[in-house]
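Let's start with one chain on its own, the form predicted on its own, as structure tokens.
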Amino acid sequence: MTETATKTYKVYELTRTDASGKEYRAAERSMEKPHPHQVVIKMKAASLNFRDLLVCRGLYGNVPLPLVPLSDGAGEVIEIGERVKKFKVGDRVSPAFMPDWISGAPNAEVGRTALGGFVDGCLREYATFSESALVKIPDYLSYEEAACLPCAAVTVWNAIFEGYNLKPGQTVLTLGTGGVSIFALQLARAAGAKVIATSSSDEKIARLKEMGAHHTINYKTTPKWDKEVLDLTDGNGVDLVVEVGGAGTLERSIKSARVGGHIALIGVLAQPESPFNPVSILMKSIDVQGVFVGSRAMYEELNRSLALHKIKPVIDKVFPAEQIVEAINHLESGKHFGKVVLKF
């Protein structure tokens, strides 16, 4: 008797999206037998991204409601379809952020398969995916750690290796201490790059130094942090900026980059101080690339690198799955260092 013989399982659904947001309910759904190429996963953990806050605030387009939120999760295979060849019962796996983006360049069609946005995500006891959407998670990682990878870590991999081809000895600027920025520090250091990291907290800056940041800047006490970046690079600027602030920090990021440098535009966390003038992009011949996560193939490449270097995601706090609202509030507070995780 397989676990799909269980009649129902619990999910957590987002029921309203607006400025107040955060209206979730526990619900039950019926188990279904997997199709020939499908895999049934017993979810063990899921993690939050800033995107999940945008979704519940109604700032991510017209998402279907009720919606099972969260793109990132990990679990155990408990049943497979009759034609599945890649996985077996007992395997530890994680779904790709966009299950239909297997490799190559993205397109509009794969974008519509993004979990926790336009289709149901990972905040549920069981989930069924095509085997092509899944990757095996490294043996040395816990389910909670593996659940941190599909969005933030894959995005960083795409930004600094696929989109830029970071080389040893180059300099990377990271902004803040959220999931993307911490992964950028870890992966850039593993690649032999120098890292300049910013934060608004001296306590967090101390942790960034412990993790290997070569230089740190408190952007609260040094609001013109781009000038300090230039001072730290002998006036040249950095090779790569992992830009998570968006309009609110992009102008200073451009000033921080070297002539011919690269900006990986990932996030939209900060509000602009003034209207943005794009002339500086032209004058410095800067390459600005939008990065929207990555493919399943990138996820697999990331996992091989993580396993080689034994890199572990930094988890700030783990909440029970039923405390989704508390977890979202903690993410929104900005007090976290690394990832916020939910456990089943």
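Quick note: we count residues from 1 along the sequence shown, nothing fancier. Since we're looking at a predicted model, the values are computed, not measured.
Form predicted in complex with a small molecule: not shown, discussed below.
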query: The small molecule contact at G117 in the predicted bound form, heavy atom, 4.5 Å; finding: no
query: 4.5 angstroms heavy atom contact with the small molecule in the predicted bound form for K204; finding: yes
query: H336 within 4.5 Å of the small molecule in the predicted bound form, heavy atoms; finding: yes
query: Heavy atom of S295 within 4.5 Å of the small molecule in the predicted bound form; finding: no
query: In the predicted bound form, segment of 77 to 85, 244 to 252, 129 to 137, 104 to 112 with a heavy atom within 4.5 Å of the small molecule; finding: 244 to 252
query: Of L149, A184, L240, L175, the one that lies within 4.5 Å of the small molecule in the predicted bound form (heavy atoms); finding: L175
query: One residue of G121, G261, G267, P95 in contact with the small molecule, assessed in the predicted bound form (non-hydrogen atom, 4.5 angstroms); finding: G267
query: V180, V291 and L331 all contacting the small molecule in the predicted bound form, non-hydrogen atom within 4.5 Å; finding: yes
